[in-house]
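Read the single chain below, which is given as structure tokens and is the form predicted alone.
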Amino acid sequence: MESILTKQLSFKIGSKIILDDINLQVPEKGIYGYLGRNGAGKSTTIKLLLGLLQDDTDAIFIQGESLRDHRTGIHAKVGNLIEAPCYYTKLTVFENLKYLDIIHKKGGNRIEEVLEMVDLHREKKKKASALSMGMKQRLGIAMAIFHDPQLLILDEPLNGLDPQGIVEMRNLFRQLNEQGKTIFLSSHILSELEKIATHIGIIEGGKMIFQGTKNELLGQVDQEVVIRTSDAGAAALLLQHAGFPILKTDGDTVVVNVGDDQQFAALIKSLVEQQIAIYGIESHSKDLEQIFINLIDSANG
């Protein structure tokens, strides 16, 4: 079952189309990375999912229920952090969570547990206004997860965190996911999404240009294989006849494009069968950032 499902979700401001037929499919218990340039429609999507913008078309379904028809019940199952954390600046960290406990009635143990999870237990007596930007972000995440929601919707949750804080949040997201929670997050730190996301959606100009598993996305891109061999000329000729695109021949090396692991195995087999000695092989696949740039360029080409 999809934890988030949208059916031809569209949104306009005046005559300007912000979202155009977005069909999100966020699998239950997955970590879904939502990517797009500034202005692509990410924040608008998230505001619609949270009911902060009005949608009368019944296009949004959360945990199998219509957001239009079951808004209150859905909100009880969802935690969110959108744009900047929302908290009471004159209250301490502990008091902000205590206020939530009045609503959700989880108890003092839950407050301490959450503070430990986001590494704010040493700052619990500090007023929220006195926190650093990174600590404010941690407080926002603490408030989002306090009521133990089934689904987390997070907009740029890593903003303001130092490298150590990013690693700790990455580990927290994995821990929450292992507990069975679905996490939908947007972030401009693509290297982090590459580490933790199970699924990726990419939006450009209000249109979805990719949606699928992270492995499906990474698998769309050819690997660049550098082969150092006893006879680069013979190797290049052989591989070209076998259908492999030759990118470059230089000295004793041949650089070839390879689509997948099966093609890679076929390449090695071809060289071995023709008794061409292989002295070294390096494989370079493009990372998520480069794939993202290529997809954006293709969408606008």
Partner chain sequence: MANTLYTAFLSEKYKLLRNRGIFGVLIVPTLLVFAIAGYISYDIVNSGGPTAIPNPWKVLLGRYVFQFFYLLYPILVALFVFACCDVEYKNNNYKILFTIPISKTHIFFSKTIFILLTLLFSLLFAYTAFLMSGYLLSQLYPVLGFQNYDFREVIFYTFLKLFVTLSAIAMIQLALSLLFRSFIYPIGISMFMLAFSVLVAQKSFSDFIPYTGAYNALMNILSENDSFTRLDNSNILMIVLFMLISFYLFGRKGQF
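Just so it is clear, the model here is predicted, and its values are computed rather than measured. Residue numbers count along the first chain shown, from 1.
One more form of this protein exists, namely the form predicted together with the partner chain; it is left out here, but the text below deals with it.
A.B. asks: Would you kindly say which of I189, I82, L176, M117 lies with a heavy atom within 4.5 Å of the partner chain in the predicted complex?
C.D. replies: Contact with the partner chain in the predicted complex is made by I82 alone.
A.B. asks: Name the single residue among T198, S230, T89, S132 that comes within 4.5 Å of the partner chain in the predicted complex, judging by heavy atoms.
C.D. replies: It is T89 that has a heavy atom within 4.5 Å of the partner.
A.B. asks: Spell out, yes or no, whether the shortest heavy atom distance between L50 and the partner chain in the predicted complex is within 4.5 Å.
C.D. replies: Flag for L50 set to yes.
A.B. asks: Considering non-hydrogen atoms and a 4.5 Å limit, does the partner chain approach A76 in the predicted complex?
C.D. replies: A76: yes, in contact with the partner chain in the predicted complex.
A.B. asks: Quick one: is E224 in contact with the partner chain in the predicted complex, heavy atoms, 4.5 Å cut-off?
C.D. replies: Flag for E224 set to no.
A.B. asks: Is T72 one of the residues lying within 4.5 Å of the partner chain in the predicted complex, judged by heavy atom distances?
C.D. replies: Yes, T72 lies within 4.5 Å of the partner chain in the predicted complex.
A.B. asks: 269-277, 52-60, 238-246, 32-40: which one contacts the partner chain in the predicted complex at 4.5 Å, heavy atom to heavy atom?
C.D. replies: Contact criterion met by 52-60 only.
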